[in-house]
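Given next, in structure tokens, is a single chain: the form predicted alone.
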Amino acid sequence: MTMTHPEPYGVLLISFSRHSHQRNFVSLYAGHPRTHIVAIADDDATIDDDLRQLNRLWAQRLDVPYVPSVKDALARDDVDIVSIGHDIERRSDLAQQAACAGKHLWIDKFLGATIDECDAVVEAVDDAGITAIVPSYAYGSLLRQVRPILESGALGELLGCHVDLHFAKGKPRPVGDRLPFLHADEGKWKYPELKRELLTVGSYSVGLLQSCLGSAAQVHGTGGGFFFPEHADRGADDFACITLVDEAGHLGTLSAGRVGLGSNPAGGPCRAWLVGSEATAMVDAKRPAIESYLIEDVRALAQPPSSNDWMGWATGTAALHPPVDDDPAGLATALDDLVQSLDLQTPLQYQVAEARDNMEILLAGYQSIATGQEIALPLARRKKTR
């Protein structure tokens, strides 16, 4: 089949928010034969000085223009793909603007901060007829290992699935006073010094459960235990569990969060249990591995973290023993899928509607933790969608 766009796709990077993975995407776009970075943009009038300086620094590093207006950047003829790495509270509006401008989308993890914002992105993508990928949920090494097991039929009917996915980052310390668990209904996610970890880590596990099970019908969440005083001081979460039941009655469970440096030499456990009517399988994305705790390595972890990144989510110490997979997060695999979709007009492996459903499950989990009640899906919307 003939490619409809023989030249490499021009990529516009919107923002280098510390709450995004934009910095991790740069080498992907620069190294792929079918993509190249053409500019960096943000709305200078609405961002803080630190972010403005960081955006300009990256433009200098990459030797590309910095455009202080997203509207002006989207009007550029050399922009084919927009990579959105802004704060979660800004992503929905930016994605809608880019879709309306006819640009394809690479969206870092979350479509928006609320379910209504996520719905708006799905509608904008459908209306514009563009291609939009959320790369984090369907391309990682754990799911790449799970998928052929499911497709083989060896498990029989899949009855349930459990996922443990934890990030070994940050320094656990005694927790004193704590705020009541913060409800997430209002879409408040950004804090200068921390991320909410069920949202940040649990989203990957939900992506796996989505691939294994049918549409979620009921969600129950458990949280409120803390390893880190930074989270306790905010009433935010550093660890939580979710149980969901799909429309056919199959069970999915997950534990997700941040467990502290040194708790796992490979950077945190990443494994799934698949329970079928004929067999059960356990898949560990960090195997094969040598898990050694050398005293000098452990001592190195005790060094003070960066003063402007105390929790280590942007500048944290690397895993003592990195995974053997060349693409553990699946970002390179996802970019290949996006390019193939654009070149050959084939569907993506994971659609924005599924990313919206992923966020809905997480929001239901937060509601359940805050209220102590099981939450039925779909969630109520504040405005009517088509």
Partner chain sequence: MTTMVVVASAAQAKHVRHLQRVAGNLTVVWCSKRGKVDVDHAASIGDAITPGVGQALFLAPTSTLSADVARCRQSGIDVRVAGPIPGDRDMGLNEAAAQPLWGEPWRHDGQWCRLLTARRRRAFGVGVFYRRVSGGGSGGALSTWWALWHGMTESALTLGQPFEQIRLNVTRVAPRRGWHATLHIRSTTGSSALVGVTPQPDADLVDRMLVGTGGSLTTQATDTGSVLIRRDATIQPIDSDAHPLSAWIDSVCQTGHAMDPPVPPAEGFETRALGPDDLLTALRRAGRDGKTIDLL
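Residue numbers count along the first chain shown, from 1. Superpose the two forms; the largest set of C-alphas matching within 1.5 Å is the rigid core. Computed from a predicted structure; not experimentally measured.
Just so it is clear, the following notes concern the form predicted together with the partner chain, a form of the same protein that is not shown.
K.L.:
So which of Q97, Q145, T243, S211 reaches within 4.5 angstroms of the partner chain in the model of the complex, heavy atom to heavy atom?
P.N.:
Selected residue: T243.
K.L.:
Which of E278, D72, E151, D78 has a heavy atom within 4.5 Å of the partner chain in the model of the complex?
P.N.:
Checking each option against the partner chain in the model of the complex, the one that comes within 4.5 Å is E278.
K.L.:
Contact between S255 and the partner chain in the model of the complex at 4.5 Å, heavy atoms?
P.N.:
So S255 counts as contacting the partner chain.
K.L.:
When the contact criterion is heavy atoms within 4.5 Å, does K195 count as touching the partner chain in the model of the complex?
P.N.:
No, no contact at 4.5 Å.
K.L.:
When the contact criterion is heavy atoms within 4.5 Å, does D127 count as touching the partner chain in the model of the complex?
P.N.:
Outside the cut-off, so no.
K.L.:
Is the gap between G140 and the partner chain in the model of the complex 4.5 Å or less for some heavy atom pair?
P.N.:
Contact check for G140: no, nothing within 4.5 Å of the partner chain in the model of the complex.
K.L.:
Quick one: which of 86 to 94, 196 to 204, 104 to 112, 233 to 241 gets within 4.5 Å of the partner chain in the model of the complex, going by heavy atoms?
P.N.:
Contact-bearing stretch, as computed: 233 to 241.
K.L.:
Three residues, L12, D50 and W189; all within 4.5 Å of the partner chain in the model of the complex via heavy atoms?
P.N.:
No, because L12, D50 and W189 lack any heavy atom that approaches the partner chain to within 4.5 Å in the model of the complex.
K.L.:
Quick one: which residues from 153 to 177 get a non-hydrogen atom within 4.5 Å of the partner chain in the model of the complex?
P.N.:
Contacts from 153 to 177: E157, L159, G160, H162, V163, D164, H166, P172.
K.L.:
Once the core is aligned, does D177 move its Cα by at least 2 Å between the shown form and the other one?
P.N.:
Where the cores coincide, D177 still shows a C-alpha shift between the shown form and the other one that is 2 Å or more.
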